[in-house]
Structure formats: C-alpha cells, structure tokens
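One chain comes next, on its own, written as structure tokens: the form predicted alone.
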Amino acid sequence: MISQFFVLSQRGDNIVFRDYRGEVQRATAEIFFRKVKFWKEDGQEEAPPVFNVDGVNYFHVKVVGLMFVATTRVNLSPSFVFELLQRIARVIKDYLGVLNEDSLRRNFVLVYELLDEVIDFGYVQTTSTEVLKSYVFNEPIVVDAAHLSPLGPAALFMQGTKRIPGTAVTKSVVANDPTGRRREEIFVDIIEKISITFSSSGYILTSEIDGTIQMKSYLTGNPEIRLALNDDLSIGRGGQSVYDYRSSIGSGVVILDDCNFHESVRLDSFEADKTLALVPPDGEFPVMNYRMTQEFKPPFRINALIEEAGILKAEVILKVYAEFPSSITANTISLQMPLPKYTMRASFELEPGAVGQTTDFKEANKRLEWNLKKAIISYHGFYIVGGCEHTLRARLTFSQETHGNITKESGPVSLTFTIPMYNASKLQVKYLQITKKSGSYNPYRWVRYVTLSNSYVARL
C-alpha cells in the first residue's frame, strides 16, 4: 500500500507529486531530498535505497538522473516497491517517448492520468502499457530528440556512425508521424551486465553475465512475431567451455545457466529450432532474461598492485587491458580504488602520450579515480590502442606510519563502462519475422547489443 509517489530532479525540484491516502505529511519530498543530500549515517556517504524517518518509509530508485520515490507507513516488501517504481518509469517512458525532466514537465497532465490508473488509493492496479491504453486518453507532447538530456536513453547509442535514428528509442508508443499515420516499427536490444572478479595478477576468479532481450513495439493489430536465436543455444550447464577469442557476436556455442520468458512468449518450437513466438504488447518489455556463468572472454582485464615505497609512502600500479574487437568503441570508462584511510595525498603518472584520461584523489572518502573518456581498439588519432596495456601509477603519502597490511586496507579496484554493439555471451538474434504481412510495417535490419559493467572488480 503506497501512501505517496513523487519524482524529483537532481536539484531536488518536485516535478510530479501524488498523495494517494493523505496519511503522510506533504513535506515528505523536502524531507527526503535533504536526508539523501546530506546523508552521513552508518558511516555511509550515500543514502540506502530504503530508509525510515519519523515513522515514514522512503523507497527510491534513480532512473536517468531522476529520483522516483514512494512513501508508506506500513511494512512493505522493498523488492515489490522497487519493481513498482521501475515499472512506473517504464510506463511513463512508453507514453512520452523519452524520460527526462523536460518531457515530464510538458506532459504533467498525461503523467498524472497514468499515475491515477496505475495506483488507486495506494493499491497497484496495473503497470501494463497495453492495458492502460483503454483508460488513458491524453495525447503526449513529444519532446524533440534535440532536447534529450545526455543522461537520456539514447546516450548509449550516439557514439560512432551508422547508428539507429534518434526516434528509435525516443518515440512514444501512442505518437503518430507527421502524416497522421502511426509508424509500424519494432526494436530489439540485447543488454548484458557483466560481473567479474579478478585476482591482482589479472586472472578471473568469478564471472557472470546477466542479460536481457529487450523489445519495444509500435505495431498495430497485434501481429504474431517469431524471434530466432542461435541454433546451438543450450540451457543448463554442460561442462563445455565457450571461451572464444574470434568473435563477440558471431556464431558459436552459447550455454546459458538459466533463463525466463515474458508471459506473451510461446515456446512451442524453442527446443526444435530455438525460435520464440509471441504477440508483443505495446511498449517496452523484456522478452527473455538469462544468466551465464560459463567461461567467457571479458572485454577488459585489470591488474592491480600496491606496495610500500618508504615509511609514509606507497605506490599503486594499475593496468587495464582492452580485449574487444577492433571495430568496437567503449564509452564512459571509469576505474575507482579505495585507499587506506590515512592517505593524505596522491600524485599520478600516466603513460606517455595519454590523451583523454583524467585522474583524481577524492580526499573526503579516500578514493582514487581514473577516467578514460573514450577507448577504441584500433588506432585512430588520439584514441587508445587496443590490445595494449594502459597503465596508471599513483604515489601515495600517508599521515602515519603503516601498522599492518596496506593491501588489505586498499581496494578492491572497480571498473565501470558501456560498450555498444558488443555482447560477451555471443547470444544473437538471427532474424525477426512478422507473420502478418502489411505494407505499413517498416522492417529495419538491426539489433542493438550493449554490454554494461555490473560488478567488475580486481582484488589486491
């Protein structure tokens, strides 16, 4: 049972606010933002996703820079509320085409209409875009792609050339094209989040892929479609290695530990020819979620070393190897490493000719940061040469003599990144077939692959 729902900007501006039960004071948005902004409890610098203030439970998730928050006085399952907040964000995005502060402000009437249908007196009714079409009548004011925030969903696919047009990920499911006809389009993404733990020498200790085949449909008439995956796809561990240096999305055996499918998917012919049949609902939804822990080639490899260099000094050596193909570009690469609490200063030394790299020592939380704005495997101008090691040396100065093992007081090293058009599992969509023939359908031969870091760390 939800008491309130509201959306805040990064500045704390209250963009959307709906009080469903009137049992919680209306100043909760201000209380929440002040608490999150200046959180200093339990030795943490960031507020947890759920906390309690004066008997009110606050649940929040961050979506493209916006804070989606729910409050309640009763004891609710955090997983339930977090899933609800994510689904509300997805429904709003389906109707507005793009989810950012500008689109919310321009479409506040439509957003409030959606919220009143999704939740009634604090109880969830539906989060299905298709079901909501029968009850929501306002048309969206579509925000032009030029007004997109850099935090928007299209940011992942704006690097390089020959990418999907901007409207592919920003168009509303109820919006029409300028001629008054609804565009008949469907888009498929394969998004993988990688979790890997390396030893200090760069060997893999644990590895896992959490992946999703995400679909966004603008098709009218609810036609059945067929989605074909790898012929040699198998579910369940069979002891077979899939470690293959030849290709990131090419053919080859793909062994998934387990998977689950959207309720609309029929598996009649899945065992025979690895084909999924479904009637896609309007909007964005996961066709298939899967997990893989078999051996696979990581896109990056990390080596980390810290050793004493005197009574009050130590040296950190970090090496990152980029191991994806030459045609792939990685974005937003950031490496972080916690340092001993008694670290006073840090000076950095990058390899000669390094361009587009920044380093910083966050004194408040004793953390080293190394950012690479762009890394590309083939050498073009100032980009980083793939296949080579990229090294950072940091010289640390301590405020006291070390009394213990500085290795245990440092790390682990964590790496975050985004790699469009790359997937480590080699799962691929061979074809998408619409069984109902229509001249208005607009086939577009493209599947977007994206790999993200989930938990990518190296122990010292």
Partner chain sequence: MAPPAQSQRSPSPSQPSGKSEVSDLKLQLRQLAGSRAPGVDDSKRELFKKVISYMTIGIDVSSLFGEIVMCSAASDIVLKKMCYLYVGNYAKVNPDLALLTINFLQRDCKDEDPMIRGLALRSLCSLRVANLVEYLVGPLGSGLKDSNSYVRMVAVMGVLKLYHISASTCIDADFPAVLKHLLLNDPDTQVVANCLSALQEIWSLEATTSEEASRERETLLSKPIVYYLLNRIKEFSEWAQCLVLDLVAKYVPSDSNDIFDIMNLLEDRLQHANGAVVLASTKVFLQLTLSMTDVHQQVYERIKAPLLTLVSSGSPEQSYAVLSHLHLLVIRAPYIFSSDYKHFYCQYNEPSYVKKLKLEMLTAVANESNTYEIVTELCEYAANVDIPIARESIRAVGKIALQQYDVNAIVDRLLQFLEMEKDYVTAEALVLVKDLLRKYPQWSHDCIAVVGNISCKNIQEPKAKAALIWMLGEYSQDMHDAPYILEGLIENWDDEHSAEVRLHLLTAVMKCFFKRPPETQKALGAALAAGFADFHQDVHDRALFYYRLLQYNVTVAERVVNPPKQAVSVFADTQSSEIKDRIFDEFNSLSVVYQKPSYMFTDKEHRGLFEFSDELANLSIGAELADTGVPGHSVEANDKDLLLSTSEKEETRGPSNYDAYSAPSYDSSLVSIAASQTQSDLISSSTTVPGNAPHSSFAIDDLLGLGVSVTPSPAPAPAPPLKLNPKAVLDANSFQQKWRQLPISLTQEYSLSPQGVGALTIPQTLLRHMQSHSIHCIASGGQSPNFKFFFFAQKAEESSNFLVECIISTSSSKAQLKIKADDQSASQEFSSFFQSALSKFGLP
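Definition used throughout: the rigid core is the maximal C-alpha set that superposes within 1.5 Å between two forms. Residue numbers count along the first chain shown, from 1. The structure presented is a predicted model; accordingly, all values stated were derived computationally and were not measured.
As for the form predicted together with its partner chain, it is not shown, yet the points below apply to it.
Its partner chain is not drawn, but in the model of the complex it has a heavy atom within 4.5 Å of Glu263. Interface residue remark: Phe108 is counted as part of the site for its partner chain in the model of the complex, having a heavy atom within 4.5 Å. Its partner chain is not shown here, and in the model of the complex it never comes within 4.5 Å of any heavy atom of Gly283. None of the heavy atoms of Ile434 is located within 4.5 Å of its partner chain in the model of the complex. Note on the partner interface in the model of the complex: the residue among Lys62, Arg34, Lys430, Arg393 having a heavy atom within 4.5 angstroms of its partner chain is Lys62. Listed residues Asn289, Thr358, Ser269, Asn222 were compared with its partner chain in the model of the complex; Asn289 is the one with a heavy atom within 4.5 Å. This chain is displayed without its partner chain, yet in the model of the complex the stretch 82-90 from 316-324, 82-90, 302-310, 345-353 comes within 4.5 Å of it by heavy atoms. Contacts of stretch 94-127 with its partner chain in the model of the complex, defined by any heavy atom lying within 4.5 Å, are made by Phe108, Val109, Tyr112, Glu113, Asp116, Glu117, Asp120, Phe121, Tyr123, Val124, Gln125, Thr127, listed in sequence order. Remark: with the core as the superposition reference, the CA shift of Leu76 between this form and the one not shown reaches 2 Å or more. Comparing the forms between this form and the one not shown on their rigid core, the Cα displacement of Leu114 reaches 2 Å or more.
Once both forms are fitted on their rigid core, the CA atom of Arg105 lies 2 Å or more apart between this form and the one not shown.
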